[in-house]
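First, one chain by itself in structure tokens, the form predicted on its own.
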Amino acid sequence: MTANKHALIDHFRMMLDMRHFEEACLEGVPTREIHGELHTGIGQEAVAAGLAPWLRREDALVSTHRNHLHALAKGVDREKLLAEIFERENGLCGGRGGHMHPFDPATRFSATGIVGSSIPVALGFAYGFKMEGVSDVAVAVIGDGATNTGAFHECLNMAAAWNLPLLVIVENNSYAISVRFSDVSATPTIAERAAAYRAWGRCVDGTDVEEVWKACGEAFDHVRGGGGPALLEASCFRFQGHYEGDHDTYRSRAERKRIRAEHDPLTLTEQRLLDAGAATQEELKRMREASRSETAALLATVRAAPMPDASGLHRYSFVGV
């Protein structure tokens, strides 16, 4: 299964929009429009873009503290998502969830900032789908650090024992905050652990959007077809620190420079399009400019939106009986 030229262009456009969306988020940090530790997925766009085509609206996706790209992949409204991140009243959660806890029932998207906690939430969705007898899939996106928590083992074991439609996607960017994956893992890869649960497992280059797309297709076929859980590991690189403000001293300057030069999924996809004759330099330039312009207009709209009124401070905090 290989993506055709038109599909590759669609992947590239989506990754462009994702990159510019995250860059728009960065603008809210120094102005203090965004509070707390903002986590961006700059450099990891190929994972979300490769996943997006296989997601149905009825599927559930539960993400992490680094969730913006997954929300876009799931079809969450861009303006409402950015408004939530910028803590505006017209955001998904009225500005109360912020960048770490967006929630959209319409697309069955949610996120949690607790490491490893997206898996048990997705497991609950998977159990519900099994009970209802539907073909929907529950997707949990986690980082490599989450695979060393008890929830990872418990949920995969239960999903396999009960043959639940759970797909766990691990974005392995080699660091759990500042801890290198190779220093704390007994196995070279995470995907090989799938065998312990008799689950489908695969490790893929997460900077190659075509490879991610292909592997996601196989994983969804397995899970949606009743084969039980699947574990897909995508090796990737985050270009920023763990959060905005992280000094990122655990990686050398040379390593950070090499990662950007050699592993940018946008640059790699752009070169593939040129090599295949699917687009010219001028066409790619126009795509970049159009995406950047549209995102700038979106950011201006969001910034013009009202902040939550102080009188509603305790709204949604308590439930009346």
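From 1 onward, residues are counted along the sequence shown. Note that the structure is predicted; figures quoted are calculated from it, not measured.
Only in words, not in the display: the form predicted in complex with a further copy of the same chain, which the text now covers.
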| item | value |
| --- | --- |
| a further copy of the same chain in the model of the complex: contacting segment from 165-173, 209-217, 68-76, 145-153, heavy atom within 4.5 Å | 145-153 |
| Candidate from E244, D205, E192, D221 lying within 4.5 Å of a further copy of the same chain in the model of the complex - any heavy atom | E192 |
| In the model of the complex, G226 touching a further copy of the same chain (heavy atom, 4.5 Å) | no |
| Contact test in the model of the complex: N157 vs a further copy of the same chain, heavy atoms, 4.5 Å | yes |
| Any non-hydrogen atom of S185 within 4.5 angstroms of a further copy of the same chain in the model of the complex | yes |
| Residue contact check: Y197 to a further copy of the same chain in the model of the complex, 4.5 Å heavy atom | yes |
